[in-house]
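Okay, here we've got a single chain as structure tokens, the form predicted on its own, with questions on binding and movement later.
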Amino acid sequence: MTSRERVFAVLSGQQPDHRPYMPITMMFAADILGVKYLQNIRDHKTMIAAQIKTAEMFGFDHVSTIAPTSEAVDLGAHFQWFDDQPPGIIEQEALLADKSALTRLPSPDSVFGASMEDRVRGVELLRQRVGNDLIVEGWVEGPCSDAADFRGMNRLMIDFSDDPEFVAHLFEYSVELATRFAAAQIAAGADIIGIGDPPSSLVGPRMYREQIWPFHKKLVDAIHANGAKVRLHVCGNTRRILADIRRLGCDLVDVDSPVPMEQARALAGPAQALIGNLDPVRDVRNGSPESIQESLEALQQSGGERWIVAAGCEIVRDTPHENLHAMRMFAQSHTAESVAT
């Protein structure tokens, strides 16, 4: 069974030969290749080389073009750039510091600049390089992440209460932009589109249900209509919104470490494929191969049959290599049948 077949088996409720292994690596992968992170996210050839080398070294079942800010960059949002760290938005110069500027943004159909184009070319190159052996994962920003990049996180959180109509218009714009970006990546060969929307975990269940969920649903349905699977990645404590996330119809949902896996499984239901839950720092970076094996054994039981091995969020860049090998060894030596034994 190839890695691609293995992941699809879990997503469709079938029995794989063993657990898939799909950790998120961004800065870690750049370090493996020996390049600065800024070069990694600005040049798709560098990103693809880093992803493939990392996947080969550690036995991953996927490669990914996950990187921040492409959509916002192509719209002209202002970021502070660092040579070897992720960029940060300059909130006082936010693209939509003045809300009325939303009406002056170009149509989402006309936004496709150098950053988005580079990511699409990355998906295309990954597909060429790995064939059908590995899952190729594209990525888009969810409506909350885009809105935070356009407006500033603090303003956005206030807008949820003070101006929900503006938030709805902004999310509508973001979803249209993400839909087009996702479609281009799918056409280039992406099997799965990840939706990264960490700020969604910062609101309460009512706000999520009323103001975010409808836009998540629209984006999930659009990606499915274009022929790809959907992975939703929301960092942090999602226990209050997981029951609603369950209704989105995502093929794969990330579970970060603040949510106990047994609770996540109960809220998400037995049919939802889940991924992750190890704490990237406490369990993976600071753990040992022995402690990681113990943690994964516990997750094996609570995660159920439809669970993929990974950390709850990005692998920390100075994680000991032997710890990632321990995760691979666990995945390759366990099947979903092990849950019942």
Partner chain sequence: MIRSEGLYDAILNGDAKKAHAVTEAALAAGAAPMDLITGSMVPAMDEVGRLFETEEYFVPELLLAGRAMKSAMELLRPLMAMSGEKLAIRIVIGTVKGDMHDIGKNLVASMLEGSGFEVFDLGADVAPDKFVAAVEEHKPQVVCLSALLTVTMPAMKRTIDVLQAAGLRSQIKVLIGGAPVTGQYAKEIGADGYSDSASGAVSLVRQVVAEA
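Please read all numbers here as calculations on a predicted model, not as lab measurements. Numbering follows the first chain given and starts at 1.
The form predicted in complex with the partner chain exists for this protein as well; it is not shown, and the discussion that follows is about that form.
Only one segment in the set 126-134, 112-120, 150-158, 247-255 has any non-hydrogen atom within 4.5 angstroms of the partner chain in the predicted bound form, and it is 150-158. The three residues 193, 228 and 261 each lack any heavy atom within 4.5 Å of the partner chain in the predicted bound form. None of 292, 27, 313, 66 but one reaches within 4.5 angstroms of the partner chain in the predicted bound form through a heavy atom, and that residue is 27. Among the residues 36, 282, 45, 42, the one placing a heavy atom within 4.5 Å of the partner chain in the predicted bound form is 282.
Among heavy atoms of residue 91, some come within 4.5 Å of the partner chain in the predicted bound form.
Interface membership of residue 267, defined by any non-hydrogen atom within 4.5 Å of the partner chain in the predicted bound form, is ruled out. Shown alone here, residue 240 lies within 4.5 Å of the partner chain in the predicted bound form, counting heavy atoms only.
Taking the partner from elsewhere, residue 183 is found to have every heavy atom lying beyond 4.5 Å of the partner chain in the predicted bound form. Residues of 203-226 that come within 4.5 Å of the partner chain in the predicted bound form, judged by any heavy atom, are 203, 204, 205, 207 in sequence order.
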